[in-house]
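What follows is one chain in structure tokens, specifically the form predicted alone.
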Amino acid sequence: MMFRQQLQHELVKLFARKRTYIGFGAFAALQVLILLLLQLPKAKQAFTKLLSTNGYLPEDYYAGLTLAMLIIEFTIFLMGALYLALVAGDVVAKEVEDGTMRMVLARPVSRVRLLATKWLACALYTGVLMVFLGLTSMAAGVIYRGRLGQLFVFVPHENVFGVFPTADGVVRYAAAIGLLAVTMQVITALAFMFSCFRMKPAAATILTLTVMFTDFVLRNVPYFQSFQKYFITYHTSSWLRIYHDVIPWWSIGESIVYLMALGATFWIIGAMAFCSRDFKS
């Protein structure tokens, strides 16, 4: 009961901050911008040419599901990493910076328990943000085209190419959003770890983005393909494998276990650093 009340309190504090909603607003604005740009003749022509070149009728696939997937595909890593790092990197470091952490620690609550509630609040925020992105992207696509349509997925750098009827497309899209909410937790855990260190909130955010972007760049160097499974971004992209004709569940499960282990490691390191800090001086 006490743990639940503490978690509710952390959620209230988290969602009371204005910066928590920046990600929601930015994703919504970007969805509108992408759909507006797709109305330009050259952009629309390029997209319909991609469909027709592969032997598919543009009127069947140029609709809500395909557009929703298009929005998520090109926005999730850069913007998702940014806003998750912004929130999770702020959750501990900001209270330390404001001086409220000393008052919180004066209560008879262990530091580990305090960190657990803060991390759970960030994890819930991550899931809510991903579900919001999935629902609003589909809603924007349906409003823009007036229907769901069939699903066309083409992500060349991940070797993903899939065409699905509407019913199967909706199921796979929902499964992809669920996997996305799980795989992105590792970014939250990384930012949370840095937030537990003796540094400013902005520094925790920047370090998280530096690690993720460096990982992404190194993974895409052609000479490093033989050991790409060691890169975080290889596993965070596992949600895209749901769009293979035969879903590689074993590969997806392997990536999820890897990310969960990595996230747990980040949390333990952060907790050890936080518990060893002196807030009295």
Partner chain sequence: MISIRQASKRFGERVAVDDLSLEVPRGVIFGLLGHNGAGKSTTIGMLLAQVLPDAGELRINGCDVFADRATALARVGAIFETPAFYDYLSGWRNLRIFCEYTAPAEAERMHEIVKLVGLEDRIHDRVSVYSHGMRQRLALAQALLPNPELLILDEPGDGLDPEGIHEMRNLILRLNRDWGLTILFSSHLLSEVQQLCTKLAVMREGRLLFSGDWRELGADRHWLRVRVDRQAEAERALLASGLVDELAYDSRARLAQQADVPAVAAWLVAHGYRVEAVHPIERTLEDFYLETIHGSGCLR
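Worth saying up front: this structure is predicted, and the values here are computed from it rather than measured. Residue numbers count along the first chain shown, from 1.
The same protein also exists as the form predicted together with its partner chain; that form is not shown, yet it is the one meant from here on.
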* Within 4.5 Å of its partner chain in the predicted complex, all of 103, 109 and 277 (non-hydrogen atom) -> yes
* Asked: Counting only non-hydrogen atoms, which stretch in 207-215, 187-195, 110-118, 153-161 is within 4.5 Å of its partner chain in the predicted complex?
  -> 110-118
* Using a 4.5 Å heavy atom cut-off, state whether residue 73 contacts its partner chain in the predicted complex. => no
* Give a yes/no on whether residue 22 approaches its partner chain to within 4.5 Å in the predicted complex, heavy atoms considered. => no
* Could you confirm whether residue 99 comes within 4.5 Å of its partner chain in the predicted complex, counting heavy atoms only? => yes
* Asked: Using heavy atoms and a 4.5 Å limit, would one call residue 264 a contact residue for its partner chain in the predicted complex?
  -> no
* Asked: Can you name the residues of 11-36 that have a non-hydrogen atom within 4.5 angstroms of its partner chain in the predicted complex?
  -> 12, 13, 16, 17
